[in-house]
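Below you will find one chain, with nothing else, as structure tokens; this is the form predicted on its own, and questions on how it binds or moves follow later.
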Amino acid sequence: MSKRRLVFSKTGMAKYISHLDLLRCFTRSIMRAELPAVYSQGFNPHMKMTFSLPLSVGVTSSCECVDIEFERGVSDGEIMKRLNSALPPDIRIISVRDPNISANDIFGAEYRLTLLCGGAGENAPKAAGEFFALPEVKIIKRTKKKGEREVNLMDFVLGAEAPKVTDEGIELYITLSAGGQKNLKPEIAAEALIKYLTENADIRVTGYNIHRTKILCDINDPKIFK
């Protein structure tokens, strides 16, 4: 048996596929591709498959990872070729490799946030920069164990690059806490920023797009998880 890490993109209409449906999608695609996946034992056997950092519905990505166990004898190139032929067109395998970094080391993720507000003007980047310079922004965070609680958004913001104006509106890159220890959904940060821009800079945002660009691991020596 050999555990392989598949790095894949999830774009276009695939952003509306939930994590549970993504699991089913990979399971069925591996069966269609006739790849020799390894199954668990017991009364309800299932493919040995683990996603590193589940993505929120509505968010696209070019850096998703899933670990799958295969029987020996199938090459990485064959896995990628056969699985890409069976997966939906908006989910593409980018690489197949040895999983030499543990998902337990994930501490953050970088996102490209595009706020749709055509004609926002030059004051938009300045206002967005002022937002991320605030020491405290109260938000409501929901968890399964603790329910709803008020927290400081800035405790989850690990970095934010200077925003720029595009034809669509405002584009910026933000890095947020992610992983088992501390995690924040990017849409919460996006909605808090939109609220600030509306109230303090008179900027009308009609929507937003979020794309995950990097998953980061090893907080003591940051590197890209792949």
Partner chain sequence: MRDYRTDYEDCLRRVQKPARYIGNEFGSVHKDKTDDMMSFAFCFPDVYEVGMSHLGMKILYHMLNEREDTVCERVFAPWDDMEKLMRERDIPLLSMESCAPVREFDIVGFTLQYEMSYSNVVNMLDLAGIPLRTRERGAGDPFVCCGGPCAYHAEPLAELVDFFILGEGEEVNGEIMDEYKKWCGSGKSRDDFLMSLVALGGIYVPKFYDVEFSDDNTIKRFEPNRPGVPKQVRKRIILDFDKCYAPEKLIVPFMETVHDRIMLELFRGCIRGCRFCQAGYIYRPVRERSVDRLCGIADGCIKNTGYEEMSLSSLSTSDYRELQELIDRLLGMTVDKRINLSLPSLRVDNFSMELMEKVQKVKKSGLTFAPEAGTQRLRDVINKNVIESDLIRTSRIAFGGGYNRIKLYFMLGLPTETYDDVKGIADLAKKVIDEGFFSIPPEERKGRSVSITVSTSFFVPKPFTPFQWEPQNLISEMEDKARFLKENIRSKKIVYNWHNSDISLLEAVFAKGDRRLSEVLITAHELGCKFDGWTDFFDYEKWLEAFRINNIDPAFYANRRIPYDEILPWDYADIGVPKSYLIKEHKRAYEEKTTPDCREKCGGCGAASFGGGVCFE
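Positions refer to the first chain, counted from 1. Every value quoted in this text rests on a predicted model; they were computed, and no experiment measured them.
Only in words, not in the display: the form predicted together with its partner chain, which the text now covers.
Enquirer: Taking its partner chain as it sits in the predicted bound form, is Arg24 in contact with it (heavy atom to heavy atom, 4.5 Å or less)?
Expert: Within the cut-off, so yes.
Enquirer: May I ask you to state whether Lys48 is within 4.5 Å of its partner chain in the predicted bound form, using heavy atom distances?
Expert: Because no heavy atom of Lys48 falls inside 4.5 Å of its partner chain in the predicted bound form, the answer is no.
Enquirer: Verify the contact flag for Ser95: yes if a non-hydrogen atom of it lies within 4.5 Å of a non-hydrogen atom of its partner chain in the predicted bound form, no if not.
Expert: Because no heavy atom of Ser95 falls inside 4.5 Å of its partner chain in the predicted bound form, the answer is no.
Enquirer: Should Arg32 be classed as touching its partner chain in the predicted bound form when contacts are defined as heavy atoms within 4.5 Å?
Expert: Yes.
Enquirer: Which one of Leu87, Leu153, Met80, Ala127 is close to its partner chain in the predicted bound form, taking close to mean a heavy atom within 4.5 Å?
Expert: Result of the distance check: Leu87.
Enquirer: Taking 4.5 Å between heavy atoms as the contact cutoff, choose which of Lys195, Lys182, Arg28, Lys164 touches its partner chain in the predicted bound form.
Expert: Exactly one listed residue reaches within 4.5 Å, namely Arg28.
Enquirer: Within 4.5 Å, heavy atoms only, one stretch in 62 to 70, 34 to 42, 172 to 180, 195 to 203 touches its partner chain in the predicted bound form. Which?
Expert: Within 4.5 Å of the partner lies stretch 34 to 42.
Enquirer: Suppose contact means a heavy atom within 4.5 Å; in the predicted bound form, does that hold for all of Val7, Ser52 and Ile224 with its partner chain?
Expert: Answer is no for this spot.
Enquirer: Sequence order please: the residues of 10 to 24 with a heavy atom within 4.5 Å of its partner chain in the predicted bound form.
Expert: Heavy-atom contacts to its partner chain in the predicted bound form: Met13, Lys15, Tyr16, Ile17, Asp21, Arg24.
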